[in-house]
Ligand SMILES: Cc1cc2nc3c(=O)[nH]c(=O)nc-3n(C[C@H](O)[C@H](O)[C@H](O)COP(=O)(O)OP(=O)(O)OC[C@H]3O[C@@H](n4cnc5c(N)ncnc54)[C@H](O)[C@@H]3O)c2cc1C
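Single chain ahead, written as C-alpha cells, the form predicted alone.
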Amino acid sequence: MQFTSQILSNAEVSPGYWRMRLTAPQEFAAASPGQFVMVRVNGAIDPLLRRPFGIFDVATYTPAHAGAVSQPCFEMLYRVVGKGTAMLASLHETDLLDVLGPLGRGFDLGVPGEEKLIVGGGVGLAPLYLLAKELVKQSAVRLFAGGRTRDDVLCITEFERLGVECYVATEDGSLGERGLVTEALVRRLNELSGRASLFACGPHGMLNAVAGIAEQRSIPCQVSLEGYMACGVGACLGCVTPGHKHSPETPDFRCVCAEGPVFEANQLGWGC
C-alpha cells in the first residue's frame, strides 16, 4: 500500500537514534514481524529515493477528537547517518510522510514451545521487537542485544515488559558485560537441553557469526538483512546479496527487498 501517514511522535531515544510513531490504514494491522516500509522523507526531488525502515511495532491509537475510534499505527527505529535520516529527525508531530508498505518477507515464528533466541545490535533491534511480541505468546524468548557502547543498545525496557529475558553486551563494557554478544549466546546454547531457534538482525559481521554458530549446532536460524534499496519491491535489483550456491562460475543472488529481508541463514553465501 502507498499511503500518507501523519507523525504522532518523533523522539530521540539514545544519542543519534530516534523512534517515530505514525498513523496507518486499517490493512496495516496485518503487518508481519520482519516486514519493512519505504518512506519518502521529503516532497522535493532531493533526496530522490525512499528510505527503508524496519517495522518496530504495530499498535493502535485513538484520535483526540470527540467520537473518534481506534486506528492502527506503527513505529520505526532509525539512526541518523545521512541527509535523509537527518531530515526525518527534524520532523514533528502532525507532519506528513509518504509511505509504501508493509513490504517484504517476514519471520516464520517456528515451532511453538521450543526456546526462541533473538540476537540484535543497534537499529538491528528494530524488527525484533514485533517478533518478540508474537513469539512470547507461544514460547520462552531470550534477547541478546549488543553494541559498541551503551548508546547502541536500544529499548531493552520494552523487551523486558513483554516478558523477554535480556542479555546485554557492549564492546567497551559500558552496559552489560564487556565483549561480543555472540559470546553470551554461545553460553546460553551450551546450557540448553532442548531445541531452540535463532533469529537475528544487525551488522553483517554479527549475522555472519550467528549463522556460523547455528550451522555448527544444526539450529534453525533466520536473519533479517539490511540493503541499499531504491524501490523496495524487487524492480531495480539494487539490493541483491549472494546466495549459498554463488560462485564466479554459477552466480546465485537473492533480492533482499522482494525475497527477504528475512532469509534462512543457510540459504545465503556468507563467504562471498
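Start at 1 and count along the sequence shown; that's the residue number. Just so we're clear, the structure is a prediction, and the values are computed from it rather than from any experiment.
What comes next is about the form predicted in complex with the ligand, which is not displayed.
Colleague: Using heavy atoms only and a 4.5 Å cut-off, determine which of V58, M206, M229, A214 is in contact with the ligand in the predicted bound form.
Modeller: If I apply the 4.5 Å criterion carefully, the residue I get is M229.
Colleague: Could you spot which one of Y129, F107, Y78, Y167 gets a heavy atom to within 4.5 Å of the ligand in the predicted bound form?
Modeller: It is Y78 that has a heavy atom within 4.5 Å of the partner.
Colleague: Tell me, please, which stretch of 118-126, 177-185, 93-101, 155-163 lies within 4.5 angstroms of the ligand in the predicted bound form when heavy atoms are compared?
Modeller: So the stretch in question is 118-126.
Colleague: Taking any heavy atom pair closer than or equal to 4.5 Å as contact, tell me whether H244 reaches the ligand in the predicted bound form.
Modeller: Contact with the ligand, no.
Colleague: Does P112 reach the ligand in the predicted bound form if we count a contact as any heavy atom within 4.5 Å?
Modeller: Contact with the ligand, no.
Colleague: Taking the shortest heavy atom distance, is K83 within 4.5 Å of the ligand in the predicted bound form?
Modeller: K83 belongs to the contact set for the ligand.
Colleague: Examine G54 and determine whether its closest non-hydrogen atom to the ligand in the predicted bound form is within 4.5 angstroms.
Modeller: Within the cut-off, so yes.
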